[in-house]
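Included below are structure tokens for two forms of one protein chain, each presented in isolation as structure 1 and structure 2.
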Structure 1
């Protein structure tokens, strides 16, 4: 995207008034979306983002300048603006570059896919939802593909390129009847080109969204109170993402703003819990070749048999914490300075039996499909919503229930996990934090939590 000699001049300019480290992040991203609603293609968009961010670090202080113009003149101007905010010190010379290339061209890049092909895929998911029942009153569906090329070069010799391709199909269904309206949603995404759709059962995605809406249409409101909860596999992993993942990011830990600070080597979860953040899984929605600071991604074990093993650490975090980087630095685009984030984060498969954990549940909630959530890492207070839930009594499913929310504190919920099933799967989502919105996978096998606060507005069933 820029030549090494240009990069060297820009880095030199960025360091002209001091600083320990300078970095250029260049990005060129093409994105296409098609949106269907009311049985018709409603909108189609194409967007091309292009720009660069220049960062200079002095100790743990960060100067970040970004611009949409990546010509050498503009980059030198941005570098000078960054340097103007740096307060003196020794003048560092950039080290010679060691060029590296990560991320390959996908088999079927989005640029070679036309709208009719996108629409054919979209329609497969859409129609399956629409045709599921006469009670399905509306369906909306989106297909989105992204092809992001980045170049990270820094004063420590990094000159690394990566190419991230992703696509996602999402279907949302509305069921209406008896004066009630309920919704269901399902998505399918991956970190590949359009070859990722080969052999995919997109009709199943649409049917699942419709079934969820139909089930919830006939469901009573979820009772509220303290109950044991079984959380389904895949997107159920959002519980770990919110309850614990964010609190293990250097963003929170490095400044002492996490409930898991200073707990390395300590038992913070039930022994059944092993949790991992792995940015290397080939073709996965949350995977990257290198992170947004040019560090190759890797598999980071966060918790092993209940013991805290590691955090997710970016460069600034590593300086603050005196620990190595973990390939976890991410940003939505060049408009954000990077920080530590998750990639594909999951609770690893355990040894418990899915059927047994329901049978011995007593009275409680089976949260089969989860929605999103959020957390305050300082206090660990999290919340997340249940898209599809079932009430369980005497170990048997009594009926579906709607409107459930699960709340708690991260450190407590990890200790209260008393079953971890065997079949671990991943599900795609978007995660928002200080460096913007980034694609992440969450995942887990089916698990059980001994006690959680279940929020709902129903009476006892």
Structure 2
């Protein structure tokens, strides 16, 4: 993507005003999307993004300049613009590069897949959802693939390349009846080429989306109050991701904007809870060979048996916190400066029985699938919708309920977890933050929280 001698000249130009550190991030990304509604292809797009970002640090001050032109003249011009905004000390020279190569070509690259094949995959999920019931009034399906090549080179000798390939299929079904409308969604994604679809049951993706919509269409409104809650696997992990994970990123911690600041080595969760962010899982949606600063990704144990063991730290966070980087730096594209972000984040499997969790629940909510919500990283306070929920009484599922929300505080939820199941599921999604939107996995086994505020409009069941 760029020769080492060119990179050296650009970094030298970026340091000409006395910066402490300079970095070049080059990206070449091709993306395809096909969107289908009611068995008709609504649109099919192909995009090609190519460019570079140049970053200069002086202490904790950051200057970032990006350009869509990666020729040497344009890169030198961008480097000079970044340097002009820096007031530093001694002028440093870039260290000799140590080239490293990560990632590999997929077995079935997206470039070798035509739209008829993409549409055939979509129809497998679409038709299963459409045929589920006459009450399914609309089905939409999307497929997206991405092939990203990056190069990170910096003044500390990093010259690292990575190739990231991903694909995701998602189905959304709408159920209508009795003047009511409910939606169900399900997705399947991975961090590899189209070989990831081989043997996949895409019809099950469509059926799950339809079943969720149909179940919620016929469900009464959820009661409100303080109840024990069982949270299902997979997308249930969005609660940890949002309510706790963001509060463990240096983006928040380094500035003192996290409820977990200064708590390393302290017990912050029940002893059953071990939480991990792991960017190295082969073929996972959120995995990377290197982060977007050129640091190899790794398995970061954040919480171990209830004790806070670490944070997710990028370079700028490392400078502010006086702690080493953890391979957690990410950005949406070359148009963004990087910051600390999650990859594949999950609560590790425990030793409790899923059936026993419900059997001993008493009266409360089984939140099978979570939706969107909001969280304040400083306080950990959150509010999340439940896409698919069931009311439990005397240890048995009484009926489905709709309109449920979970309201609480991240640190309290961690302390109130009293069961962690043996299984584990990861579910793909996108996470937005100050460095844009990036692919992440969320996951967990089935867990139980002994008390949580449940919001809803229904009467007692």
Partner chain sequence: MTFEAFRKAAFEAALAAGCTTAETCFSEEESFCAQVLDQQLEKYTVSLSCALGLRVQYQGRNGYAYTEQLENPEQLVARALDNARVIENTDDHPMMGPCAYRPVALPEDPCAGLSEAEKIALAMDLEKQALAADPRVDRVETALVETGHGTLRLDNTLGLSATRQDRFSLSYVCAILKQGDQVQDGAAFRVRGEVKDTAACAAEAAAEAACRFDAQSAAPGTYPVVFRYDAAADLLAAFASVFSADAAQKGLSLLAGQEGQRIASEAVTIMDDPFHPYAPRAFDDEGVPSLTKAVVEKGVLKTLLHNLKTARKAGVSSTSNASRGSVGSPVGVAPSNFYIVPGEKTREQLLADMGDGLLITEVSGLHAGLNPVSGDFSLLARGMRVENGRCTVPVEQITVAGQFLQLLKHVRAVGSDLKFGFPGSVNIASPSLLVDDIKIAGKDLAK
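Only residues modelled in both forms are compared. Residue numbers count along the first chain shown, from 1. Under this definition, the rigid core comprises the largest set of C-alpha atoms superposing within 1.5 Å between the forms. As the structure is a prediction and not an experimental result, all values here were calculated from the model.
- Item | Displayed copy of the chain that is the form predicted on its own | Structure 2 is the one predicted on its own.
- Item | Taking the rigid core as reference, consecutive runs of 3 or more residues that move 2 angstroms or more in Cα between structure 1 and structure 2 | Run moving 2 Å or more: only 372 to 374.
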